[in-house]
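Single chain ahead, written as structure tokens, the form predicted on its own.
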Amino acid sequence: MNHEPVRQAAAAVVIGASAGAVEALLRILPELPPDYPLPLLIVVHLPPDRESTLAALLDARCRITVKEAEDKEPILPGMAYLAPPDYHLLVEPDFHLSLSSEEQVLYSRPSIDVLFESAADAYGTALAGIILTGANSDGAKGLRAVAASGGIALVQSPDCAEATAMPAAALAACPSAQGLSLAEITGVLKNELPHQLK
């Protein structure tokens, strides 16, 4: 599968995933070098009623720092921020994070759409949005907002996703998005997006 090379700069990456997320993220994030220049903001649908060990699990396997996002913290390059259970994660216009306990969106809190839409407002054309495996349609509207703001839209190809509903919904809602394998998404993150910054 050949994809069109990315030809624009990105200042941040937003990633959304649900069923099958841990395996997909473990294929992508450990490949990023310790001096990776972009921040990654990640929503994974998690059970709301217990503490998540996902950030610690990923951080132990990655060369970049992976942590649970905290309210009002600044977004820094080379960091991966995970939405905590039962909180929406948003990007403020001043490029700080905020956490919200507002209503669920598509039965989910954190919601991928909420993160992607707020990040698209803040970053505009300098945002890359990625939808991975998942079993509902959360993220489709958000990815469309990323593309509408001039950002880069990438989706894990449904035919290689553990759960196909989320990537299929994202591709249907955002026809300009590229459907790629996990290896190709990793290649874009490592080799294409950072070089556009230089």
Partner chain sequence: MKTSAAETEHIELRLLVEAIYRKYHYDFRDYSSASLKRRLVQARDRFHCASFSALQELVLHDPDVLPQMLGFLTVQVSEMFRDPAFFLTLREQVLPHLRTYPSLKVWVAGCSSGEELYSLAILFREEGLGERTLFYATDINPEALRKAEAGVYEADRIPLFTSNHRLSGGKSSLSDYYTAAYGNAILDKSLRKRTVFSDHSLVSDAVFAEVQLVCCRNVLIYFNRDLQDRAVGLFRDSLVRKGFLGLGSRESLHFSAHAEAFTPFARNERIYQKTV
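Residue numbers count along the first chain shown, from 1. Bear in mind the structure is a predicted one, so any value in this text is a computation, not a measurement.
Keep in mind that the form predicted in complex with the partner chain is not shown, yet the notes after this line are about it.
*Asks:* Mark T164 yes when one of its heavy atoms lies within 4.5 Å of a heavy atom of the partner chain in the predicted complex, and no otherwise.
*Replies:* No, T164 sits far enough from the partner chain in the predicted complex that none of its heavy atoms falls within 4.5 Å.
*Asks:* Taking the shortest heavy atom distance, is A80 within 4.5 Å of the partner chain in the predicted complex?
*Replies:* Heavy-atom contact with the partner chain at 4.5 Å: absent for A80.
*Asks:* Taking heavy atoms only, is E70 within 4.5 angstroms of the partner chain in the predicted complex?
*Replies:* Yes, E70 sits close enough to the partner chain in the predicted complex that at least one of its heavy atoms falls within 4.5 Å.
*Asks:* Please check if V91 has a heavy atom lying within 4.5 Å of any heavy atom of the partner chain in the predicted complex.
*Replies:* Taking the distances in the predicted complex, the answer for V91 is yes, it comes within 4.5 Å of the partner chain.
*Asks:* Using a 4.5 Å heavy atom cut-off, are S18, Y36 and R61 all in contact with the partner chain in the predicted complex?
*Replies:* The answer is no: none of the three residues contacts the partner (heavy atom, 4.5 Å cut-off).
*Asks:* Judged by heavy atom distances of 4.5 Å or less, which residues of 136 to 157 approach the partner chain in the predicted complex?
*Replies:* Heavy-atom contacts within 4.5 Å come from S149 alone.
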